[in-house]
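Only one chain is given next, in structure tokens, and it is the form predicted alone.
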């Protein structure tokens, strides 16, 4: 039987977790001798995006990406997290299967990732065991999607507000968190001051914040994993 080779990109800034994923792929290959995996890794948004661009320009397919959400942002501030990377993968490599793997287990954050990325797999890191990783790989290859137990529980909960954060909302939160002044935001974002203020009011409404101060907004946004 001819071997089937799958290209895999693991994007995670924790070497131990990267090694656990590699071990799972190697073990799966031993169980299924006709399947081999070619694995590359990245630890931040810049190195990951470089590899994504290389795959999109080459003849070689990228079948699977393991994507951590909380990653060091790109140096130019254009890619703030794994979520932004996922959006680029969906656009540049639409046939690539994305498995989101994250420590975030906030109901709102998980729904936001689903709405923005619609991943083929979604794992909460606290749920992960070697057995679960093998199961996730098998399901993604043969009959996606695969969701870990915490994700399934969260998906069953209704989100109280249909408005979910998009990349402009996340960019506003990021810029405010690094100290960018409101008056300078229209130079960075495709919005007027009035448009940015409206977004901020919506964000405060979503997070049930009454204070007019931005500190509480940034504190809650950080707590929920948006910055």
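In this text, rigid core is short for the largest set of C-alphas that superpose within 1.5 Å between two forms. All values reported here derive from a predicted model rather than from experimental measurement. Residue numbers count along the first chain shown, from 1.
Quick note: we don't show the form predicted together with a further copy of the same chain, though the next part is all about it.
The closest non-hydrogen atom of residue 47 lies beyond 4.5 Å of a further copy of the same chain in the predicted complex. Taking the partner from elsewhere, residue 190 is found to have every heavy atom lying beyond 4.5 Å of a further copy of the same chain in the predicted complex. Residue contact with a further copy of the same chain in the predicted complex: residue 87 places no heavy atom within 4.5 Å of it.
In the predicted complex, no heavy atom of residue 29 sits within 4.5 Å of a further copy of the same chain.
Candidate site formed by 133, 181 and 213: every one of these residues places a non-hydrogen atom within 4.5 angstroms of a further copy of the same chain in the predicted complex.
Heavy atoms within 4.5 Å of a further copy of the same chain in the predicted complex belong, among the stretches 30-38, 193-201, 172-180, 51-59, to residues of 172-180.
Contact annotation for 18-49: residues with any non-hydrogen atom within 4.5 angstroms of a further copy of the same chain in the predicted complex are 19, 20, 21, listed in sequence order. With the core held fixed, residue 184 shows a CA shift of 2 Å or greater between the shown form and the other one. Once the rigid core is overlaid between the shown form and the other one, residue 23 does not reach a Cα shift of 2 Å, moving by less than that.
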